[in-house]
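One chain comes next, on its own, written as structure tokens: the form predicted on its own.
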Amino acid sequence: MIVKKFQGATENDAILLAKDELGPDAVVLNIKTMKQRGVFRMFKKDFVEITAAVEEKKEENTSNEKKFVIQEADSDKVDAIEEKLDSLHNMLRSRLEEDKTVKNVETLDKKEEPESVAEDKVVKTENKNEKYLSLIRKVLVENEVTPEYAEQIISEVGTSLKKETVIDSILAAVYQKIVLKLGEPENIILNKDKPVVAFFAGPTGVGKTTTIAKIASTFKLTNQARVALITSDTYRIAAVEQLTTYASILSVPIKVVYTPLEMKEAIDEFADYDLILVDTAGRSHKNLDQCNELLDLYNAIKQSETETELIPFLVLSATTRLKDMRSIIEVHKALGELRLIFTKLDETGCVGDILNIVMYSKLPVAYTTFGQNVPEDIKKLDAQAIAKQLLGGNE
């Protein structure tokens, strides 16, 4: 694994530098704003520093092994990733000390050994990697990653390791593998040529309306975008009142629609807006009629006279059972290329199902939410924080 730091005037500038040097498969591991120091700091602008990583490609040799290397240009080149992995490393070390079997494997006899037992020593060395990986697999499962996906991750890392690899390198490899599995967040990006329509679907009670309010606030206040709201959640009067209140606070227009025709007309009415956020009523994935109604509203947007960039978002609660989340996703695939939003992370101690769902569905995650505060309690998917938590570290 190659890990390097890049600095730029903005986050995007730093990411572009990383992609240019490490390639399109580079993954951002850490982002932080750097404050200028010294007596002349008032005349200098702050800058952004990111830590990015990429897996090295397999070398063309007989062993066909992949080596994980951390490249350093100076002493602080990998501070960010080392800081993230430090607590994980200590935790695993602590567990290893409790594991007498691993301790015996690690404590190799320093005395001269006859040739007859040399092969046995090699086997013990190879088994040490397996012990490390087995322990990490156990930690993943404890954090509710399914045994199937935990084994898949460990297996992919294991086949790429050298025969003698220290725990730091193994841990870094698993950490990066999880980050790669979670992928980059696919968020809303405004289109200068046409309005973006974000269509939100999902079960009752997952927090769609509050999530929409958070996104609307961010784009209105931070991006100064022209934002409009549409709601078809006429089943719950409180939902309409809640979104209407947010619209009033933000000074953005809102339309309440009851039919696909009214949805189409509302989209055309907001043709000059940058972002149109569409709230829908919670639907049971077991009710086929309700799901068809949702699909009719979605298709009405496609049939409008206004050319739009239509993005369907499926909102899921992190507290929902994995089996149910899988069923919900299968039903909503009719909407097209879904992007996922996970809510209520503040109500659960485990985020293993986020990784489970991503590996199951191959769908990208856009945002996660973790409270009722608008607009604070929402952020882009932080794959690094989730990977750290899954490996037993602090958030």
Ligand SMILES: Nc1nc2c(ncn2[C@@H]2O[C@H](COP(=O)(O)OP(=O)(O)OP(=O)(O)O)[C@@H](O)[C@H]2O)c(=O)[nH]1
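What you see is a predicted model, and the numbers here were worked out from it, not measured in a lab. We number the residues from 1 along the sequence you see.
Separately, the form predicted in complex with the ligand exists; it is not shown, and the next lines address it.
Chemist: What stretch, of 345-353, 46-54, 359-367, 322-330, brings heavy atoms to within 4.5 Å of the ligand in the predicted bound form?
Modeler: In the other structure, the partner sits against 345-353.
Chemist: Looking at 203, 253, 260, 312, which is the one with a non-hydrogen atom within 4.5 Å of the ligand in the predicted bound form?
Modeler: Filtering the options by heavy-atom distance leaves 203.
Chemist: Tell me, which of 169, 217, 160, 242 has a heavy atom within 4.5 angstroms of the ligand in the predicted bound form?
Modeler: It is 242 that has a heavy atom within 4.5 Å of the partner.
Chemist: Is there a non-hydrogen atom of residue 185 within 4.5 angstroms of a non-hydrogen atom of the ligand in the predicted bound form?
Modeler: No - in the predicted bound form, heavy atoms of residue 185 and the ligand never come within 4.5 Å of each other.
Chemist: Examine residue 375 and determine whether its closest non-hydrogen atom to the ligand in the predicted bound form is within 4.5 angstroms.
Modeler: Contact check for residue 375: no, nothing within 4.5 Å of the ligand in the predicted bound form.
Chemist: At 4.5 Å between heavy atoms, is residue 210 in contact with the ligand in the predicted bound form?
Modeler: It does: once the ligand is placed as it appears in the predicted bound form, residue 210 has a heavy atom within 4.5 Å of it.
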